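Read the single chain below, which is given as structure tokens and is the form predicted alone.
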């Protein structure tokens, strides 16, 4: 259903926090995958790609977990349940945009152009082998929240050089408690950085629940004091995530200001494979969110557009696994560099 830009803005207004109100998360699909009113203008090919990336992400996550348990990669940050937040964002990016990720954004990086072989080489313990200028994918940040500063610095650079690109920093909810995040917000507002900061609010910062991290009613509200437009979105709704990400990225590209996006989702799996979530996550909470699986939510919409059948989905799964396994084999064939090579790569 075609809509005007104005109608989108009107709907979005209810998801933008202010001092007077707490917003409702922006949605396109309800829990059963029915369109609520607004529908982004995506071609059949784009919707099919969105669903294909969601399936690829689910297979990538499952294979990553298996590889870690087999001792073939050092660690893995599960992303099951967060595929919509990643695919919606990834599909809103353009070539030339830069992504500064945490350790849970593998799908975004692959959509943006990171070679899957390079991703698995990194998880084997090699240095980051990809050229960020070519792929737009910057090294995975382990220090919590630092990538928000890097994204804002890059966005300031794009603005100063009048380049039509946007820098996106992706962080978790725990990173919003870090000083680096607040400093990044401040600089982005003051210098009108061509930056979008995305918070994947999966409700848990390792074993610390969202309720004990901050007294703010939403994380999106943290942009208000810094003069940064902020929006709350349903992170399990791939279409909503795409619509909000596309809007925010275009705003930044057109020098209308940075945006802070809070994507409400949930961490179904462990924080990383070094973590045991059974010690702190209530089982009933996990099951509540498992029923809100973003793949199951998008599937009826794809079916209504005539873009899915059971055989086609099985083929997508097989194609994804074949691509992943080929990349793993190639990554495992790469020799471990010498110490001198590591030093040279580090500059």
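This structure is a prediction, so every number in the text was calculated from the model and none was measured. Residue numbers count along the first chain shown, from 1.
There is another form of the same protein, the form predicted in complex with a small molecule; it is not shown, and what comes next is about it.
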is_contact(residue 202, the small molecule) in the predicted complex, heavy atom dist at most 4.5 Å = yes
Any non-hydrogen atom of residue 144 within 4.5 angstroms of the small molecule in the predicted complex | yes
Residue 175, heavy atom within 4.5 angstroms of the small molecule in the predicted complex | yes
Taking heavy atoms only, is residue 182 within 4.5 angstroms of the small molecule in the predicted complex?
-> no
Among 112-120, 151-159, 97-105, 235-243, which stretch has residues with heavy atoms no more than 4.5 Å from the small molecule in the predicted complex?
-> 97-105
Find the only residue in 274, 190, 206, 224 having a heavy atom within 4.5 Å of the small molecule in the predicted complex.
-> 206
